[in-house]
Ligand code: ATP
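The chain below stands alone and is given as structure tokens, in the form predicted alone.
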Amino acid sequence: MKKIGLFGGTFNPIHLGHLRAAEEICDFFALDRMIFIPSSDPPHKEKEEILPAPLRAEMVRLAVSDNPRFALSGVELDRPGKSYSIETIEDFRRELGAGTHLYFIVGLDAFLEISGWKDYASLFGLCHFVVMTRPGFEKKFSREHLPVELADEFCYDTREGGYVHRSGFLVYPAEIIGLDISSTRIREFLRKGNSIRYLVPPAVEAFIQTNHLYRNKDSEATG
């Protein structure tokens, strides 16, 4: 059975921290492929802070093009309206079928807000979750981080090293080495005219510079 990772995000812009995390998770879970899914209209982000989706998707395409395990999906860009994770996972479940194991990749900070996601209780019956921890945030995932309303639906599996949902899917903690890089800091550097070399792939840096992206608040809204 194939094992596919689904790595969603605004990727505003994608950076080496995203790529390194994806590489580590691919190795740890022996994934056949990691699919990067830029969100079109994320419900929990302020629109004025986000570059138009086609520009963000192009940066992801440039960033993943040299890794045979990485791929770009425009599934959320092609869907009108808000980008909801449950719709994305259901799309991949229908497309790939029951013969594929899906692993939904999310950071711990985002996972702690999952109770505010659309139909969040249904998510755990669709795929595995991989919850990443990163520098500067909590290092250990524990039972208390599971949604309070659903905690009784999970039990810890020592062999798997994760929390098994009653559906049979797991929530796996994943401590990654990670790189202390954030899209927010990169945008700040660009607004100040500072270098972002070694924070993003060279092709992404060139795309940002050529298109004069993130130079000011207006450029983030209009590209």
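The shown structure was predicted, so the numbers you read here are calculated from the model rather than taken from an experiment. Numbers follow the displayed sequence, beginning with 1.
As for the form predicted in complex with this ligand, it is not shown, yet the points below apply to it.
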> Would residue 10 show up as a contact with this ligand in the predicted bound form if we use heavy atoms at 4.5 Å?
Replying inline: yes
> Does residue 184 reach this ligand in the predicted bound form if we count a contact as any heavy atom within 4.5 Å?
Replying inline: yes
>> Please tell me whether any heavy atom belonging to residue 179 falls inside 4.5 Å of a heavy atom of this ligand, as the geometry stands in the predicted bound form.
In response: yes
>> in the predicted bound form, does residue 126 come within 4.5 Å of this ligand, counting heavy atoms only?
In response: no
> Which of these residues, 109, 149, 78, 119, gets a heavy atom within 4.5 Å of this ligand in the predicted bound form?
Replying inline: 109
>> Exactly one residue in 100, 73, 88, 133 has a non-hydrogen atom within 4.5 Å of this ligand in the predicted bound form; which is it?
In response: 133
> Along 68-85, which positions have a non-hydrogen atom within 4.5 Å of this ligand in the predicted bound form?
Replying inline: none
